[in-house]
Ligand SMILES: Cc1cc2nc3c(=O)[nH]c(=O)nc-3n(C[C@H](O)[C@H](O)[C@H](O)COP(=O)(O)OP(=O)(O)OC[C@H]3O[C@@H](n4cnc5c(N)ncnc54)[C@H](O)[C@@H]3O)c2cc1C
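To begin, one chain is listed below as structure tokens, in the form predicted alone.
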Amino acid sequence: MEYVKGVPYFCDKVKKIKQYPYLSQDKYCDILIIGGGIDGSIANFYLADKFDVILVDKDRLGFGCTSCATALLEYQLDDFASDLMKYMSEQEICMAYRMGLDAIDKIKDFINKYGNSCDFYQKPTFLYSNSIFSKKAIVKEYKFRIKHNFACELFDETNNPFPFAIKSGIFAQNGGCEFNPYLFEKIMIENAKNQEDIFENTKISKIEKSHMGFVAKTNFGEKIYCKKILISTGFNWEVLKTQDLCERFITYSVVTSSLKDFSWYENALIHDAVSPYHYLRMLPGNKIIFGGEDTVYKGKDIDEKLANKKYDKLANDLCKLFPNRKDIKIDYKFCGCFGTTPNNLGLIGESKFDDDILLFISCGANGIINAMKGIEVIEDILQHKDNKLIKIFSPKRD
């Protein structure tokens, strides 16, 4: 089954993550992390500081869905607070928003320590609609945020600073950040403390329970004996023999060539409030990444004909958004799988299969945001500590 298609911009023409060997002998560890995308790299970096950890990936590190992530990171979720109240309390929604802001600060601290070789920038966010039908929903969301002390401004047709039409929009000055997700993973992987216990091209073909924990058998026949397993395989759940951990979609993206003398208001991260929604941000060199047009993932190879239609629609919609720019040309087209849950948050914590099999699947509105704070949930579970985020991330939640 395909989970990525096209030529992802973020891992093209950049210095690749250094190559790691495949596993060639039996190993022992406290925690086996299966999956070396951005989720697995985050989990590995933080857990290897406290535990004996092995990380394995069936392919090359970072070339799965991580390569297709837009890394447009926002504290806000895909759904309005009023819609999320079906699944979370008002207090929990505020907790999720604050978690997003905390995650941005955590990423910033990490970059300050290890260096900004991944084009990290903190950015404002802008959630808007140009539809009269969703104007009330935007205003209601704005009032919710003001009520709970989330700093933001409300723009409408009378004070719109953006070069495209809006009916209403919420602007948050410190609401997000951006980076190259592949290069961010590179920093994470290459600064992890367990360099001798990271393995590529090592597929876990079978997991068996033992009196000491688990025995994970690889496609080469080697065995990894471990006490606990952390599943960070993104949206490929073959190792768990299941297809229904969350609802899966394909999202499509295009990247333009460089645009001379082009920008918008504070180069904010932009997200519209339509269905299917769209998002865009600036890339280094005055390029735009524009994505969305999500379709349901049917658990098989990605439909190339449908993908090409989506790329064409994205290119046309981008030209309509900036009709005065006649120089918009598309250099990259790619798509990949992502997952979503009713409360927009990841599946992080003890699984329904076994309490010693932990899930670290950062699906939801902001996967990388989920992962940066979700790893604290995993650390606390492993150390038998309480964490206020356990409930809203729990894979056992309804």
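Numbering starts at 1 and follows the sequence shown. What you are looking at is a predicted structure, and each value in this text was computed from that prediction instead of being measured.
Missing here is the form predicted in complex with this ligand; even so, the following discussion is about that form.
Screening 203, 148, 227, 108 for any heavy atom within 4.5 Å of this ligand in the model of the complex leaves a single hit, 203. The contact residue chosen from 49, 26, 331, 59 relative to this ligand in the model of the complex is 59, the criterion being a non-hydrogen atom within 4.5 angstroms.
The candidate spot formed by 152, 175 and 265 is out of contact with this ligand in the model of the complex: none of the three has a heavy atom within 4.5 Å. This ligand is not shown here, and in the model of the complex it never comes within 4.5 Å of any heavy atom of residue 129. Contact annotation for residue 349: none of its heavy atoms lies within 4.5 Å of this ligand in the model of the complex. In the model of the complex, this ligand stays beyond 4.5 Å of every heavy atom belonging to residue 160. Taking the partner from elsewhere, residue 343 is found to have every heavy atom lying beyond 4.5 Å of this ligand in the model of the complex. Of the candidate stretches 163-171, 111-119, 322-330, 195-203, only 195-203 contains residues with a heavy atom within 4.5 Å of this ligand in the model of the complex. Taking this ligand as it sits in the model of the complex, the stretch 332-349 comes within 4.5 angstroms of it through a non-hydrogen atom at 336, 337, 338.
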